[in-house]
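In structure tokens, the next block holds one chain alone, the form predicted on its own.
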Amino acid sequence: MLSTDALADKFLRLRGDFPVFRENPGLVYLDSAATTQKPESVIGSIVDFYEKSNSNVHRGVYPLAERATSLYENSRRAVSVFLDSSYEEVIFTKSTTEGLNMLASSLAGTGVYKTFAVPVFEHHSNFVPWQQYAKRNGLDFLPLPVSGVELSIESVRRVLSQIRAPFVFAVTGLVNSTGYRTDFEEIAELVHNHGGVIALDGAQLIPHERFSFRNSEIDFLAFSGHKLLAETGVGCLLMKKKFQEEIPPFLFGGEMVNWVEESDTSFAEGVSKFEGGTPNISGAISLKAAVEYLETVDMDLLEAHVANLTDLARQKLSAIPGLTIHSPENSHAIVMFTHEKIHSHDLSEFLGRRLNIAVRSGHHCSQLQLKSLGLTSSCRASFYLYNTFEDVGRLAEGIEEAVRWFL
């Protein structure tokens, strides 16, 4: 492993791959948990598709359409390699949100599962779908309490011992609001031992660490392209093959049909059953370019670099009087904080408008998490591969300047 300084130098050089920093000199972008910036290779892949290969997929037999279909399916293969999964397990969606809605709706529609269980610190996209589809289908919905910002294995074990099987347990890999990494590997084992299946929200996790779907105990994995350098409007739902036949489709029409009769319709097999309608073709192609870029970067080095940034941010921000860090000590990529006398919106706006420092403010689509902490709003700084130690220093200095300005 490279030294801290050598690692920082490596990623500083990569910053030049991102046009947004050339177009916005001085920008300190600390909102990658909301969406990442895009390297030239990803932007180029989108332009190249529209200039040279634009056509619909899985329909035409003329050369242009066949080329577009090949590019689309090659993107599926690239994702499967990146996540060490079978090519036949990758379903393209428009986002993590759509993938989780698709999953909650479809699993509720099987009539097999009796209970949906979800921790209360989840992003709304991994809480509300399970809540609402449970209500619609007369299933039990179990919101699991958390201790501060963490989910203890003992509380999971206690809840699972009382739950009605078969059930679905949905949990995030990396909490969107605080950066807390759940023990989802151990949770998955417990869920299976108690007769359940597990769905993982990987929106924050997948951009930050190497993941093997093949070797995991995870049954379903959802993530978004835009949080790992690809364009918006594309994501994936990975589904173990053993579930694909029993789970009904979420969208009807388009290319997901096998044969249509007046009284009924038979559906395509495998992942095609879950991809009704024209997909985001350029988005899938951009996702291929994104994962290929991340492979050249090396995910292990990326994880180490972001960990160094997070640790430095926690150290510098904790030294500011009146500021409270709400992320746990081992949070990754995210530091959530408040100031005792400055509202988070005011602090975020000051940093953005006066100092060109972009941080998120609000409830971070996690109102129950903030409620459990006695908050209605907070600031969140999130880090990725193009961030530097200088960015962290400017954040700390910017907050100190804001304190002097407001107080």
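Numbering starts at 1 and runs along the sequence shown. Since the model is a prediction, treat every value here as computed from it, not as a measurement.
The following text describes the form predicted together with pyridoxal-5'-phosphate (PLP), which does not appear among the structures shown.
pyridoxal-5'-phosphate (PLP) in the predicted complex comes within 4.5 Å of no heavy atom belonging to Ser80. Taking non-hydrogen atoms only, Ala203 approaches pyridoxal-5'-phosphate (PLP) to within 4.5 angstroms in the predicted complex. By the criterion of a heavy atom within 4.5 Å, Cys379 is excluded from the residues contacting pyridoxal-5'-phosphate (PLP) in the predicted complex.
Although the partner is absent here, Ala33 is a contact residue: one of its heavy atoms lies within 4.5 angstroms of pyridoxal-5'-phosphate (PLP) in the predicted complex. This chain lacks the partner; the member of Ser327, Ser95, Asn280, Thr310 within 4.5 angstroms of pyridoxal-5'-phosphate (PLP) in the predicted complex by a non-hydrogen atom is Ser95. Checked against pyridoxal-5'-phosphate (PLP) in the predicted complex, the residues Ser106, Ser85, Ser125, Thr182 give one hit for a heavy atom within 4.5 Å, which is Ser125. With the partner left out here, pyridoxal-5'-phosphate (PLP) still marks one of 128-136, 292-300, 106-114, 174-182 in the predicted complex; by a 4.5 Å heavy atom cut-off that stretch is 174-182. Residues of 331-365 placing a heavy atom within 4.5 Å of pyridoxal-5'-phosphate (PLP) in the predicted complex: none.
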